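Single chain ahead, written as structure tokens, the form predicted alone.
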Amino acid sequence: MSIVTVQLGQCGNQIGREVFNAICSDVHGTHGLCSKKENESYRDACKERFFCEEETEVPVARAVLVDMEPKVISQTLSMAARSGYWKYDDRSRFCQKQGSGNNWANGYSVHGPRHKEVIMNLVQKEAEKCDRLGGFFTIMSMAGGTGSGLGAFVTQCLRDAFPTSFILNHVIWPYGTGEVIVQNYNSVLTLSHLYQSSDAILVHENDVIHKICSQLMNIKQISFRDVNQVIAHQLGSVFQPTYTAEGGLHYSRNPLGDLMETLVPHPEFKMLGLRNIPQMPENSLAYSTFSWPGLIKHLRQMLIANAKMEEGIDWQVQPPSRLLPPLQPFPNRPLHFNTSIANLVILRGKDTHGVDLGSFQDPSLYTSWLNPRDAFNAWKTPRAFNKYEKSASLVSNSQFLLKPLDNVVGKAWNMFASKAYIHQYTKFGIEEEDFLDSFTALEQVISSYTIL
């Protein structure tokens, strides 16, 4: 089954290009470390998923590019074409001359309705090129105006036009120190609207990726492109083909459906986080060896201590003991313990079949209303990913986002209480009532995750 990617705004288009680049360099690399037959079926599954072949022999990305300014899209198209390995379809793009001015309301209430028909026609054409449509993967930022506002509008249109297709929204969480004065408003409005129409929201935090670039990748002067490449690597580590069943003979046909079935057992809980290990500069790979038990041990501790990378993990945090009698509602739940609803571990590389993942089936990691056997899944492939002989990814539906979410909602509420910048939104038709609805929706999400 194929995935149609919808790249929205500057951030969405730049990350989208890096994702297709990462997928292509993985497929064309000679470092698969597996049999020729295995490599070919991996390659075929990947191409069906992300590209359509044209007469020119250069694979064309199954993507629609949308932005309210032309500059980034034209750069994105030409950089992809120059790679020689893949390209975008020139006709699958939509841009205008003026942006949304970092105003969510402008993207959602003005640009969205005005350009709905053209954008949805492009999406429809892309969907019709798929033999079997698996769903949509949207990439957007939450801080600005086009990615967030127009992105939320387009997601609603996708839900209306394709009621039975899966929609996974990938959102970039803004830097805590702030890029845009109204980013917290934009974030609250985006998340609350996506929660209504999306099947799941996969979150990358800019601050975390920045830290990975400096501490793990040893990059001195970090550019947006560096950040985007780390995000793309992590996304590729999830979306490239895998076997979803133990001893499966065929690569998974429905990646988005499998992801939802595995990780979203209840519509109240849609927030997914992603961790991937190891991550290091390419020139260090030759001098590094990794064992599966070591990688799994680190990945599990990253989960329970809510560490976003393998450096600086708090090894003191342990799961709560189920043996202690409860005195009050949550007495024996350690302060920083990250409770999960569902987890998916993806292993790529040699000797994956013998890896012991029993430690992820520990009932104390999970909420009490799900059987740990249902809450944990593992996908594997002997095919190595992007030069890493062994690599492991963890996609987790857990409390990982509680603190950042609480933070953003708190800051936005403080601004809202003093009516700061509200007039910028009301002039485009987003009223105070809409803000209150969004705050209420997110308070409900925070409360649901808190009481896990």
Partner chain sequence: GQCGNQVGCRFWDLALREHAAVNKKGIYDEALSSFFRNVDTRSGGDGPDIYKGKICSLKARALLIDMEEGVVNEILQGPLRDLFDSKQLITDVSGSGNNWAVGHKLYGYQYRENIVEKLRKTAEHCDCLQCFFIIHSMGGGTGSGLGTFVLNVLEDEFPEVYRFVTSVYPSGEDDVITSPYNSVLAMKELNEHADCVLPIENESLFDIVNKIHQMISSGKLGSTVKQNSLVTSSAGSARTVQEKPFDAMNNIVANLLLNLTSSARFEGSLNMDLNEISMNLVPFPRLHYLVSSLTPLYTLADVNVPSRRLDQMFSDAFSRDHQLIQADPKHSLYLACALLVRGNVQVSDLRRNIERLKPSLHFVSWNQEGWKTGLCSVPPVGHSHSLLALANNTCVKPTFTELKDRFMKLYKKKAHLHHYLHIDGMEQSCFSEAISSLSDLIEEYNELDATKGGPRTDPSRLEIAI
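Quantities reported herein were computed from a predicted structural model and do not represent experimental measurements. Positions refer to the first chain, counted from 1.
Quick note: we don't show the form predicted in complex with its partner chain, though the next part is all about it.
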**Asked** Among 368-376, 312-320, 194-202, 219-227, which stretch has residues whose heavy atoms lie within 4.5 Å of its partner chain in the predicted complex?
**Response** 219-227
**Prompt:** Here the chain is shown alone; which of S92, N102, S340, T381 has a heavy atom within 4.5 Å of its partner chain in the predicted complex?
**Reply:** N102
**Prompt:** With its partner chain left out of view, which of L295, L133, V180, V208 would have a heavy atom within 4.5 Å of it in the predicted complex?
**Reply:** V180
**Request:** Report whether the minimum heavy atom distance between E389 and its partner chain in the predicted complex is within 4.5 Å.
**Result:** no
**Asked** With the partner left out of view, is S35 within 4.5 angstroms of its partner chain in the predicted complex by any non-hydrogen atom?
**Response** no
**Message:** So, G29 and its partner chain: in the predicted complex, are they within 4.5 Å at any heavy atom pair?
**Reply:** no
**Item:** in the predicted complex, N13 touching its partner chain (heavy atom, 4.5 Å)
**Value:** no
**Request:** Sequence order please: the residues of 398-423 with a heavy atom within 4.5 Å of its partner chain in the predicted complex.
**Result:** D406, V409, G410, K411, W413, N414, M415, A417, S418, K419, A420, Y421, H423
